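First structure 1, then structure 2: two forms of the same chain, each alone, as structure tokens.
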Structure 1
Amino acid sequence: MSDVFNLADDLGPLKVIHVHEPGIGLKGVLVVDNVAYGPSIGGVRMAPDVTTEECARLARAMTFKNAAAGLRHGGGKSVLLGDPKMPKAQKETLIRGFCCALQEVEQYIFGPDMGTDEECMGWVKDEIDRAVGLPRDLGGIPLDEIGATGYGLSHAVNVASEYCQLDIDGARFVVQGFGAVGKHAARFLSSAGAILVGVSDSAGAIQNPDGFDIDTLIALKADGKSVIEYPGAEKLDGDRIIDIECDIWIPAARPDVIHEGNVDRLNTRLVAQGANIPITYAAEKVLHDRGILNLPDFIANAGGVICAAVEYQGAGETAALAAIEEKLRRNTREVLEASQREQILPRDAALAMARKRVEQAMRYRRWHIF
């Protein structure tokens, strides 16, 4: 627990709950970071190497993401230890057991994240009726199906392109992590004329200076295959995705993939963080010093949680997409204007904006509780 205590500050976390049920092999953690704005929304992440510290960092990112987006929700996150590709029946047992163990924590609303999807949220709704990102059959707005996060990311990139003299039409981009976020970001950017020249998943990376057909890549993933099976593409080790020259580089996988040890290998003009905490702060400083525009995660990838909040209020897909476009474009512009005006990192500008909003909300809470 010391790692979480070291991360604690005047904003949170409010609660850290460990769940362990040996009978079904369940190990998980919930971090409710801050609920000054309302009950927290945050995804359930499943991976074999998730940690309490990672969960706490992600929960804080959700606090800032929700505040920056102007949502009536605080930040939280939960993680489950396990392989998301485990047999479906086993996965269902773990997720149902996890949410039942957390049934009384009404300050947390479950959502999908890496390793979980709308079907998983359907199981949560069945057990405790407190989930977003539900299947369409249950009246939800399926985040992965419509590509809410990727849709928002494309709008953030569009606004940011004005600040680095970049024309999206014809721009060459790379996606590190062709999953729920990466594939839709690629789809929306491609429809605007951008060219995907490099892509990776857990099995490796491929590059093609002439570009890839997005529909073919999506079909490969839908069949349970890897992007490296794309016909005729040049295969690379997964880490080599960092070295591909491009105009836009999108990390859409795990935390801390770019750090001080590899950041100098990036050869791009714009980084748009599709994943949560994919770049260390030290590496972001290097990017800033090199003149590479870097959109922080909780600004650029907020489309999913905006969609989830709209769903939780009972509105539909049209309202969700409109809210994503309006909020992502406004917040991206506000952060980049502040960054230029004050000569600070975009992340520092974004943190100042989000922290101010959270602190203002905390003043109205009894005992100034998180």
Structure 2
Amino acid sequence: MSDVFNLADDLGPLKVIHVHEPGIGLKGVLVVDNVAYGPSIGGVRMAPDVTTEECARLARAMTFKNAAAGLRHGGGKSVLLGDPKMPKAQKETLIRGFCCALQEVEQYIFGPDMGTDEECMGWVKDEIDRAVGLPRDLGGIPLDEIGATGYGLSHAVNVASEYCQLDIDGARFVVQGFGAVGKHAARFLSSAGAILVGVSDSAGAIQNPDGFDIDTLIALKADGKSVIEYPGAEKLDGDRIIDIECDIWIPAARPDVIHEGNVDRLNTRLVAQGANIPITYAAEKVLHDRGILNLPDFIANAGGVICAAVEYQGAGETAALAAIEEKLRRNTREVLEASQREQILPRDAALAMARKRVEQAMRYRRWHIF
């Protein structure tokens, strides 16, 4: 694990805690990046190759995402070394052990992330009563089931459409990755009249200029099948999803899928980032120069964490959806206004907005430096 102090700056991290319990094979790290807005929220990532450095980067991303979303929460993240597909009893032991070891760190609220889910958060709640993303049985709002992030994304797209003279009704869109984020984004956009003309998952891609029926695609996935089994669809290699001409292109799968080597293949007017870091900064610059509007991830995909924060306050699904709509619309507009006004990339405008908010909150801390 690398030296996290190489990443330290004027915002954080506040605390880096390594947890090691040899008896149960537990190795994990918690990074509390910044708590100027309140206790940090961030997911627990479980993977065999996670590092302290990755954890610190993800924690910083949460500081910006939560501040940009106007939540009363700072940013943090934790990682657990291990294969998330290990036997359930072993996983439960690790997660219970990890959260108990961090029980005293009240500046961190556990949430789900890659390799952990609602059930894991149920175990955390049982042990230390400090988790979001809980099962419905425990009063949680199942954010992937209701499509919190896809819902927010559809509102961000709606606001952005004004900035690129696009009518959502009849707009053609493409979704890379038909999981929790992608399928709900498709559902909400299609209910506003947009037409899904291309879609992919890990098995490949399909296209149809006349559009796909979203419910049929959702039913295929619910049966454990791939979108490429859609009846009569034209199949493509997964990577060809980048070439499909459309008005809105939505990455909702893996990081770094668009880079300098392939960004010129995108033939669209608006990119809305559902996935985390799906586009490299260099490729974002190319998009900007080509006049393609590009909504950065931590603005456009904040629906999930907003839902989690509302759940933590004890409110329900209706309040969560209202908060997502209000915050996503306001923040998208603020970022795009600043980007236009200052002639800068939307990501730079978003980062400046988030940093300013964190610095404002830090003025009230005991050892502020701004």
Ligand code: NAD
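For residue numbers, the reference is structure 1: its sequence is counted from 1. Predicted, not measured: the structure shown is a model, and the values here were computed from it. Basically, rigid core = biggest C-alpha set you can superpose within 1.5 Å across the two forms.
Annotation: structure 2 represents the form predicted in complex with the ligand, while structure 1 represents the other form. Fitting the two forms on the rigid core leaves the C-alpha of residue 85 displaced by at least 2 angstroms between structure 1 and structure 2.
Once you line up the core between structure 1 and structure 2, the Cα of residue 190 stays within less than 2 Å of where it was.
After superposing the rigid core, the Cα of residue 173 is displaced by less than 2 Å between structure 1 and structure 2. On a core-based overlay, residue 110 has a Cα shift of 3.0 Å between structure 1 and structure 2. Core fit done between structure 1 and structure 2; CA of residue 22 shifted by 9.1 Å.
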